[in-house]
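Presented below, as structure tokens, is a lone chain in the form predicted on its own.
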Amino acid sequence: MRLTLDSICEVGFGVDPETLSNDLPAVPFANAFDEANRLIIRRYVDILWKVKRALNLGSEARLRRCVQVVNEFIYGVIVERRAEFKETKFHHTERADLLSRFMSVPNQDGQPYSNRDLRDVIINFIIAGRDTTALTLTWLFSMLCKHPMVVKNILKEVSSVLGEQTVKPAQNCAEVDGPLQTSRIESIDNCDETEFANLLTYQALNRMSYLHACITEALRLYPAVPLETKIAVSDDIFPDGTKIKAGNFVSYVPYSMGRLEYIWGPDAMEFKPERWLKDGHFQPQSPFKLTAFQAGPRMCLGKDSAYLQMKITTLLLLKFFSFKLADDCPSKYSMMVVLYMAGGLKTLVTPL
């Protein structure tokens, strides 16, 4: 969660909260964000939440305090960025983060986005880019701990793909992107963390079909958003004749869909990356079958970047560490909007 928070904050609004510093500092913003997430979802089962909100009592009072912490952090970033743009005449800035991009364009009415609009944009990107990626990695590693042969296959593929890359003569194995690449890498065993990370180019990662299949299989069994709900903006009729009225809630459950035998076959409950491969190449399925990233005009814009981050993180961890599930690590769910693993994934980690 700290990794993905740092990443999305830097990409989303050009701020590095440095939550992965060596001392693992407390992060009031992240804690408040998570607590607000938990409290909001409980409104589904608490029939008195509106009363509590009106009287500022109990869970609603805690939620109000959490929202205040989140708002203070985000509005602080927005105000600071506006001041920075004003000092640099706005168009001279070299910032490429998403917040800056939204500030540089008008809204649909031709007016600049308000601070509240920008806050909503930031929160949307944090939810999409932090929780979902971190939780998918968590569930993936819970599966890898139970399937050591899958880990061996991932590392075998990595060695094969990276071993075919080339480097400049008389240079170390980290320098693979420059011109005049003529000598081949004989082994990646002696690379340190930085050298190995530099080998993980976009092109190399795209060739790792088995790794892509492993992440996709984890998404099938443990979609980060287990329940999806839409609201119909107008009357409609489903292909089977079901009539939908404007304002109706329409829900589907990706978590259940990923376990249905009539969709995935009799081995639907098994973690089986091979189901996504044919002759060693990844075979994508219809996004209406695997709905982890939604489908059609609702397709997740961050799908490719999410896969990229998960691949790099997975490879760096598997290359330098081994993981074994702790004996007291039951895989239980926590009731939230996304598929949290209650208590996190407890593992015994050993440097290789």
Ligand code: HEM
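Everything numeric here is computed off the predicted structure, so don't read it as measured data. Rigid core: the largest C-alpha set superposing within 1.5 Å between the two forms. Note that residue numbering begins at 1 and tracks the sequence as displayed.
If you look for the form predicted together with protoporphyrin IX containing FE (HEM), you will not find it shown, but the lines that follow are about it.
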*in the predicted bound form, which of the stretches 275 to 283, 71 to 79, 204 to 212, 130 to 138 has residues with heavy atoms within 4.5 Å of protoporphyrin IX containing FE (HEM)?*
130 to 138
*Note which of Cys66, Ala306, Leu318, Leu39 lies within 4.5 Å of protoporphyrin IX containing FE (HEM) in the predicted bound form, where distance is taken over heavy atoms; exactly one does.*
Ala306
*Heavy atom within 4.5 Å of protoporphyrin IX containing FE (HEM) in the predicted bound form: which of Val27, Leu48, Ile312, Cys300?*
Cys300
_I'd like to know if Asp117 sits close to protoporphyrin IX containing FE (HEM) in the predicted bound form, meaning any non-hydrogen atom pair within 4.5 angstroms._
no
*Taking heavy atoms and a 4.5 Å cut-off, does Phe125 contact protoporphyrin IX containing FE (HEM) in the predicted bound form?*
yes
*Does the 4.5 Å heavy atom contact test between Lys230 and protoporphyrin IX containing FE (HEM) in the predicted bound form come out positive?*
yes
*Any non-hydrogen atom of Leu219 within 4.5 angstroms of protoporphyrin IX containing FE (HEM) in the predicted bound form*: yes
*Residues within stretch 279 to 294 having a non-hydrogen atom within 4.5 Å of protoporphyrin IX containing FE (HEM) in the predicted bound form*: Ala292, Phe293, Gln294
*Threshold 2 Å Cα movement between the shown form and the other one for Met149, core superposed*: no
_Core fit, then Val79 C-alpha moves 2 Å or more between the shown form and the other one_ = no
